[in-house]
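Listed next as structure tokens is one chain, alone, in the form predicted alone.
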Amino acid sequence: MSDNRKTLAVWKFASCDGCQLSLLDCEDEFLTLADTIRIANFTEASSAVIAGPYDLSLVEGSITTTHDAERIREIRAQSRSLITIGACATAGGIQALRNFADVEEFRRVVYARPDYIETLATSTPIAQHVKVDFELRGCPIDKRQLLEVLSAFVHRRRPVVRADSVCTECKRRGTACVMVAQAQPCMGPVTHSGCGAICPAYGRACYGCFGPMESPNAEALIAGWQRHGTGEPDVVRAFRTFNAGAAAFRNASEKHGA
């Protein structure tokens, strides 16, 4: 095996580890990349660590503390390329709900000694702190898209990751539209594809786990929901889930709620 393999590092910030588990789920596929990629730093998988710099860093999680804000800058400095993976790293994650609330009040209510807790008032994506070379969306990410990104890195090309909506995946699967057939408030028309339209295939409306698609028209979608009786509180809840901090979803929720 060549010693000229590209070195890969995987880093965790505020997150549930789901995207790293998706990476671990690629164990068989990684065998085909073993001649070109060497996992140098991935503590979720192994305590063996090779010192940087690294050719590629994959970053999961959002920035929620001053320590992490400093750490991501250090990681960027020792990474030739940096790719963020998952809703937390690309949009702030479910923890970005704090961005709409009083974090100090939460600390006082939840913790007996809030003075022990060091946290920022917001949860922000990695791209707000350092230069990011590519963002891979999802909660969690899709294994096939991840392998495409890694292959593109190895071959020095742009990843081929579709930026269209979940609706296109429903069409490819031959799945009936749950919004048309069942009047469900579905996020599919404004949500980035990549999941394979799993939820609509089982008769459940998409809830936007892959974040906003390219150029989403949230207001047109919301108008359609409202014609079927969806109220403002339900609109806000729909747009404030895993990708609440993504600009398009944040703007829509703020326009229809506090």
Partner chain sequence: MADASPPTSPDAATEIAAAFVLPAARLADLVTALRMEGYAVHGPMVRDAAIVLGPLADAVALPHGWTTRQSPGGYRLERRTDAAVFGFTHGADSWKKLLHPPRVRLWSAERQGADFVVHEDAPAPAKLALFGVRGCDLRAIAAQDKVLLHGPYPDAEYAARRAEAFIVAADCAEPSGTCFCVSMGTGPSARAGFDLALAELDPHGDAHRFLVRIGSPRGGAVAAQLDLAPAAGADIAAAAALADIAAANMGRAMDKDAARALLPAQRESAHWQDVAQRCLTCANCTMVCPTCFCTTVEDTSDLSGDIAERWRQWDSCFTFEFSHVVGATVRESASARYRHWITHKLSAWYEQFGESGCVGCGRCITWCPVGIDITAEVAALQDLSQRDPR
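Positions refer to the first chain, counted from 1. Nothing here was measured: the structure is a model prediction, and the numbers come from that model.
The following text describes the form predicted in complex with the partner chain, which does not appear among the structures shown.
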### Task
Taking 4.5 Å between heavy atoms as the contact cutoff, choose which of Ala77, Val110, Ala121, Val180 touches the partner chain in the predicted complex.
Val180
### Query
the partner chain isn't shown here, but in the predicted complex which of Ala197, Ala40, Cys209, Leu221 has a heavy atom within 4.5 Å of it?
Leu221
### Query
Can you say which of 94-102, 112-120, 126-134, 164-172 gets within 4.5 Å of the partner chain in the predicted complex, counting heavy atoms only?
164-172
### Query
Given that the partner is absent here, does Asp142 sit within 4.5 Å of the partner chain in the predicted complex, heavy atoms only?
no
### Message
Residue-level question: is Leu56 within 4.5 Å of the partner chain in the predicted complex, judged on heavy atoms?
### Response
no
### Query
Does the partner chain come within 4.5 Å of any heavy atom of Ser151 in the predicted complex?
yes
### Query
Hey, in the predicted complex, does Arg227 get a heavy atom within 4.5 angstroms of the partner chain?
yes
### Task
Please state whether every one of the three residues Glu44, Ser47 and Asn251 places a non-hydrogen atom within 4.5 angstroms of the partner chain in the predicted complex.
no
## Note on the structure
Residues in 117-143 that come within 4.5 Å of the partner chain in the predicted complex by at least one heavy atom, in order, are none
